[in-house]
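The structure tokens that follow cover one protein chain in two forms, given apart as structure 1 and structure 2.
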Structure 1
């Protein structure tokens, strides 16, 4: 079999069409800029006396219209590739783009279903529904959900990737995109759609396995950072005084620490051998349990039975997960304190490096969350409903967690989206310096790091993970922007 072309047999007329759309767009853009500088204004609505409205069109309007249709044409061409991938019979006719589109079929279906349902019910869905009023928010949501579904259909149901994450075929080393495998086994996908990396692994599959890796770590790490930040930020802002001074000083200390230095210090083997990240995880992972216990206790302390049930469940599950997480009985090098938890209760072990990466990312993020929560608390605690709760005789923790926190949710949700993006970047930075989860891990930072050595000769292994990371973070930022805009409209 020969090498696939990028666009397959539809490419014969879609490629020129696409090129034309790009040229028209550039021409429209130049015309637009020149006209604007020359002082031409866009046409305006004119109301004539007899109740009719007319629109005057200036050259600027036509330039803008050209640009709009060029973009539309471009999008249609992209859709053409996807449709081509779905309907054309052979992989050769589909081309690389079409074949990728076909592999991503479950993602497209999930994406279209999500959007159709959300738009249909958008008036009943609160802030989430309002997101579909803002084009920017919708674009961001589409990008984010694309990667979420891609991660689900790679990590949990491996439908998208064509090969295994660490399957190597030595003949495919550094091969170009669309190259056929010389002697494919029975049932094996016969092409490397985006080429092979320097060890002969399939770049396309690794990007999507990487998505599963990244999206398994970053939202959870961000959530942990939020739990730490909220548990400390609320009392700091609410009580003020010495507690506030001490906590703020510590947060500023952590913020003044250059991120990159911290990563290098925490991830080096010597420091790991001394157990520093383990001790840090011991402290940091305690906060979610404290948060949940206090949350339920303050809400239900007037109803002891329910309180005992909720707090009991939170504490038992929390501590079981906590000890399973931090203890690793098999690793004899660790200090004794991490090995006393009995083996039969140890639900799961986290591979050494993953825990370290997780801890460093949580540690870097929590001081910023702390500052945000503290700032919002300082603002919200002067409101009347807080004073009303105080007059009712509610305890301080009830006021913090059930009066202040729900009213601070808007900015926190927006920041959560932004912070997942930032955490993705941090995780990528760790991978880029070879400090990532494991050397073979398909996460994007590590793949970029592997690909950059031969970048000027073989650009194809490093480029797809780079673009993937960029599009996910861009999607999260746009989503946050859309959410902020829509939540400000209330």
Structure 2
């Protein structure tokens, strides 16, 4: 079998069209820049005496229209490659882009279904539904959901990857994209779509397995950080005084600590043997339990039966998960306090490197979330509806969690999206420095680090994970911008 081309059979007419769209966009961009510098303004609406409305167009309007239609042509060409991957009969005819599009078919179906249902019911979906009134928000949501579905169909249902994350074929070391496997086993995918890395592993498969690793860690770690920040930030801003001073001082100390130094310290053998990451997890992982217990207790304090049920479930499930997280009876090197939880009750264990990454991310993000929540609380607690709740005799925690927090949801949701992006970059940075989940992990940072050693000779192992990381963070930033834009309209 011969090496696949990038565009396959459709490339004969799609490639020139794509090149034309790029040239037109660049020309429109240059014209737009020159006209703007020259002081040319966009056209305005003109109202005539008979009540009709017309638009007076200027050269700047035509330059912007040129850029818009160039982007549209480029997108249509990309859709053409996807269609080619679905309809052309052979892998050679599909090309690399078409073959990847076919492997991503479950992702396209899930993405189209999500958008169709969301747009149809958008008026009933609150802030999420309003997101589909914002082109920026929709673009960001599409990028984020692409990687979410890619992670689902790679980690949980492995339909996208063509090979295993650590499967080695020695003859495919540093092979170029589209190279065929010399003697594929029966049922084995016969091509490395994005080439092989320095060990002969499939780059395409590792990128999508890496997406599953990244998206299994970053949202949960960010959520934990938010629970820590909210649980401490609300009382600090609401009560003020000594409590506010002490908590703010501790947060500033944590923010002043160098992040990379913290990670290097946490992975040193002496620190790990002393159980420092476990001691940190003992403190940080308590906050979700405290948050949920206080949340249900304050909401149902007038209904003891429901309160006891909800608080009891939150406490039992929370402490079971808590002790399962921090304990590992099989690790004899840990201090005794982390091995007293009975093994038959230990629902799951977290690998040492994963626990260090998780604790580090929560520790780094929590102080910033604390400062944001504290600042919002200082502002919101002066509102009339808070005074009304105080007049009704509501308790402080009810006011904080059910009056102040819901009215601060807009900025917090936006920051949550941005912080997932920051955490994704942070996780990539850890992997790049060899502090990631595990040495053989396909997470993007580790893959980029392995590929950069031969970057000047074989750029293909490092570029796909770098582009994947960039596109996910870009999508999260655009999604946050869209949410911010729509939340300001409330």
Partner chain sequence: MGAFILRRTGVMILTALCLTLVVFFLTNLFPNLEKLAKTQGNARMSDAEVVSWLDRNGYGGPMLVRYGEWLGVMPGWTREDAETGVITGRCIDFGMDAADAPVRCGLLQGDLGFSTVSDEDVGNVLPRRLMLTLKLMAYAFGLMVPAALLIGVLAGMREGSRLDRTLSTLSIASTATPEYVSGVIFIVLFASTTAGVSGMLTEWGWLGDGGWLGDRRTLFLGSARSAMTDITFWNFTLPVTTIALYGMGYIARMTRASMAEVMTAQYIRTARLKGVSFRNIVLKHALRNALIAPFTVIMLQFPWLLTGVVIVETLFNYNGFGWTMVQAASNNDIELLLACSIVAVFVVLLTQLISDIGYVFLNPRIRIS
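Because the structure is a prediction, the values reported are computed rather than measured. Basically, rigid core = biggest C-alpha set you can superpose within 1.5 Å across the two forms. Residue numbers count along the first chain shown, from 1.
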Between structures 1 and 2, the form predicted alone is number 2
Residue 28 C-alpha moves between structures 1 and 2 by 2 Å or more, core aligned: yes
Classify residue 65 as shifted (yes) or not shifted (no) between structures 1 and 2, where shifted means its C-alpha moves by 2 Å or more with the rigid core superposed. yes
Spell out whether the Cα of residue 37 moves at least 2 Å between structures 1 and 2 when the two forms are superposed on their rigid core. yes
